Structure formats: structure tokens, C-alpha cells
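A single chain, nothing else alongside it, follows as C-alpha cells in the form predicted on its own.
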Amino acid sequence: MSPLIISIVNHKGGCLKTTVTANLGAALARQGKRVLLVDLDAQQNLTQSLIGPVELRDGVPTLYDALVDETGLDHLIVGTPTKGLDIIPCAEDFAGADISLVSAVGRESILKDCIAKSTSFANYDFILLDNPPSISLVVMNSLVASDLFFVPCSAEYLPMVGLTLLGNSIGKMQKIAPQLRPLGVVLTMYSRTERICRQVETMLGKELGPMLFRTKVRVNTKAKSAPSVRKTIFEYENMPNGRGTEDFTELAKEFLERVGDVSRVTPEQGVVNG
């Protein structure tokens, strides 16, 4: 059985894409799923958060090399301290990926082809692709390779407005990614005591309807600190009633529910309806 491939995307930075990728992946692994994370952001935040920086060494291939050479990705898979959670890390040379892809034949489908050549991927239930905050060839490759896309959105006004732009951009990709479907939008950095958070929740609820996740990722200083010691929120809080532990456990449960219902979602549905 093939794994489900999900792009985690948002045009805007600071929406906790990487935090969501790492901790949702860990939460799914804690529920017995086999999860592979792929760091597609040249800033390498996901890699740094879980295993530390990847040193460039002569003769040691990187994710950038795999895309340029259009090879499989099996040899790049690295384990993390969380059982059932692996990662394909990103090195600093990935900053040149967009420029190198521009002149490639079938440039939007190179990552998809690399995944098709990767026999180890069949061992996983989910592949989560962490993307840079942009619309670029790397992001397009991620979406073309994915079955679903999932959008973290901070509970603020401007990121909410940006969802329309994201929806329009993804909508234009239907010809090259006809299989791509929305999984939904999750509010991050949410605080019930802040009026703007409640307003954004209300407005997005009206715009998105069931595409808005019930679960919200609350403001949590520990989630900001965990990457500095290369831990997920579960290891860092180390308590079942920790705020982040509760939020990401619930997010994983709702994620699995929605994945089970995804067959009734049509590709034509955008991030923002209407």
C-alpha cells in the first residue's frame, strides 16, 4: 500500500509550518503510524529541530543532489529520537534548488519522480513535506507529488487574508496536479483571551466551513524552545497534560479522521471557498 503524501504549506512565514510538521509527525508516530518527514525549506529548520544541522561533505549526497540528478531518496532517510518517525534532512546547498530546477525537463514533477524511485517509502503510512513560505518551483514540486495539502494559519488578520492568495495559486495547479485535494486549515498561535484570535476563528469558520480544523494549536512558549534541544513537544514537555502535548495529540486524531473522509473531498475545492 502506498503512503499518503501531504504538503504542509502557507505563503506566509511564522505560521508554525515546521512546528506543525515536526509535532504532528511525532503525534502520528506515537499512535503507531510510520511517518517520514521531508525538509524542503532551505532554512533547514525542520532538520535543525529534530537531528541538528547536516554538514556538507564531498562525496556525500544531499537532497539537492537527488533532485538535480533525479535519483531515489532512500539513501537520505535518517532516524529521529522518536520511534516510527524518520526524516529526509535538508542541507545548505538546497538554497540553489529553485535555480537548478528552472531549466529541467518536467521541472514541476521531479520530486514526484524521485519519490517513485524510492522503494523505502512503501514502509510508511504518511509522508509529510515541510515547505518554504513561498510559491516556488520547490513548493510546486511538493504539491505535484502530494495527495493532500494541509495549511497551518496563525490566528491573525494578515495570514487569514493570505489564504485566498494561497487558494488561488493552488487552484491554478489543477492541470499538473489533478490528484491534489485539501485536507484543511488549522489555526496556530491561538489564544482564547485575544479578541483577534476569536474574530479570525469566526471569519474562517464562515469562509471555510468544514475545511477549518476543530483543533487549534495554542500559543505555547515550550513549543518555541523545544527545537533548541532537538526535541518534539512530547519529549520537551514530558507530561500528558502539557498544552502542546494535548494540542498535537488532538490534532493527530482529527487529522486521521479527516484522512479517512478525504475521498469525499473534490480537487476543485480550494483553501477558501466561494
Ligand SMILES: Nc1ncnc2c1ncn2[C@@H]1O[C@H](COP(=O)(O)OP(=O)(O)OP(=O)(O)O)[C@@H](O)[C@H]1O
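One rule holds for the numbers: they count along the sequence shown, beginning at 1. Fair warning: this is a prediction, and the values are worked out from it, not measured in the lab.
This next part talks about the form predicted together with the named molecule, which is not shown.
When the named molecule is considered in the predicted bound form, Thr215 lies well away from it, no heavy atom lying within 4.5 Å. Contact annotation: Gln43 falls within 4.5 Å of the named molecule in the predicted bound form, judged by heavy atom distances. The shortest heavy atom separation between Leu251 and the named molecule in the predicted bound form exceeds 4.5 Å.
The shortest heavy atom separation between Ala223 and the named molecule in the predicted bound form is within 4.5 Å. Remark: of stretches 207-215, 35-43, 51-59, 65-73, the one touching the named molecule in the predicted bound form is 35-43 (heavy atom within 4.5 Å). With the partner removed from view, the residue among Pro133, Gly162, Gly184, Gly84 that has a non-hydrogen atom within 4.5 Å of the named molecule in the predicted bound form turns out to be Pro133. In terms of contact with the named molecule in the predicted bound form, the residue from Ala91, Leu148, Val138, Met189 that brings a heavy atom within 4.5 Å is Met189. Taking the named molecule as positioned in the predicted bound form, none of the residues of 71-86 brings a heavy atom within 4.5 Å of it.
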